[in-house]
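To begin, one chain is listed below as structure tokens, in the form predicted on its own.
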Amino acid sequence: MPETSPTLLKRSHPLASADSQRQVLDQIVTPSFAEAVAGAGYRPLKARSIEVLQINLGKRCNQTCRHCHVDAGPDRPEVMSEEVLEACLNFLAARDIPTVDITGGAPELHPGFRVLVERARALGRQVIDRCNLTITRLPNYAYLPEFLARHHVEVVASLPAYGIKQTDLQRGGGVFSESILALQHFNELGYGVEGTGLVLNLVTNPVGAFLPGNQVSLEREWKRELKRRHGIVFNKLYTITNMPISRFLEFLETSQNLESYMERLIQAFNPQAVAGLMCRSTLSVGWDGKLYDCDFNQMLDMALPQHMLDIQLGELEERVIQTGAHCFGCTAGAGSSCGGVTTG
């Protein structure tokens, strides 16, 4: 099975604290992101609707990827309580939010994962499982591919590269080979195969301090190479910019790339990417029930005043988005979100 390494928290690293991360980012002289988006006509940047309820079930994971903005890993104990999970489901039942995006950590490790999927699907919602692939190779979770297929859950699977070297460098030794076996099994069930309705999308992010390449070109290349090398097919490839948060922030500091990376993000600011920012159509729920504009704000502990246990939707639909220097990661180049680029 894949090798794992300690999380920032386990190592008692200063960047395990969201406060410390924000202080590091605040010390870098950058233009104000709020002023940048105001220049693009968004004064202030506001949510336009809630189309996606993104639920983070916790920080437990079977992997400890070098770029992880969650600092997730096997040694993280944080998981969503039954009370908060029930509140999420009640909220869904009462509101017309079309998509439930389940993430973590490895969300499948949560004991309530199956119930969440089953009840969200029973409500007629599109359900996305952000799967690290190797979780399906663990004996207790081998049921997952068939379970997800039975409930027509969209699988968004992370894979840094279609080659072993880059993938294992970022995610740990042995991850690539296990991921390939997992993808082949998903294909056997019909995932990624035209006409089945079972959607398999892949996510890639750079293995280093640079921006992703062109998503359309990379998708073409990935489809060709994964088919040729391993017989694997999939629907779409999402390219995501690494955010200067948590373990990727640690990498930027230790490699002395932090200031140059932030400058790269700022110089690549694209006003056209603002319209599609995921924070404008997403409500992010933390494992403890706190609410956020997005998963990145969640990891920097930039919580909204409301809590899932006393949520008032009307206060949230047109809320002003909280921003910081890290937000330049979502507007660089073609834009970046959990669904890939935000332009084109």
Partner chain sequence: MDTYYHPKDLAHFPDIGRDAPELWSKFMAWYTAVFAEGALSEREKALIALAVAHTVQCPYCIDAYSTACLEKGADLEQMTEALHVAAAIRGGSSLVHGVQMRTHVHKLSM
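Positions refer to the first chain, counted from 1. The shown structure was predicted, so the numbers you read here are calculated from the model rather than taken from an experiment.
Keep in mind that the form predicted in complex with its partner chain is missing from the display, and what follows is about it.
Exactly one listed residue, out of Asn90, Asn140, Ser217, Gln272, brings a non-hydrogen atom to within 4.5 Å of its partner chain in the model of the complex: Ser217. A heavy atom within 4.5 Å of its partner chain in the model of the complex is found for one listed residue only; from Pro98, Gly231, Gly197, Gly213, this is Gly213.
With its partner chain left out of view, the stretch that reaches within 4.5 Å of it through heavy atoms in the model of the complex is, among 256-264, 98-106, 242-250, 122-130, 256-264. Although the partner is absent here, Asn235 sits far enough away that none of its heavy atoms falls within 4.5 Å of its partner chain in the model of the complex. Shown alone here, Gln166 lies within 4.5 Å of its partner chain in the model of the complex, counting heavy atoms only. Its partner chain in the model of the complex is not approached by Glu188, whose heavy atoms all lie more than 4.5 angstroms from it.
Using a 4.5 angstroms threshold between heavy atoms, Arg224 counts as touching its partner chain in the model of the complex.
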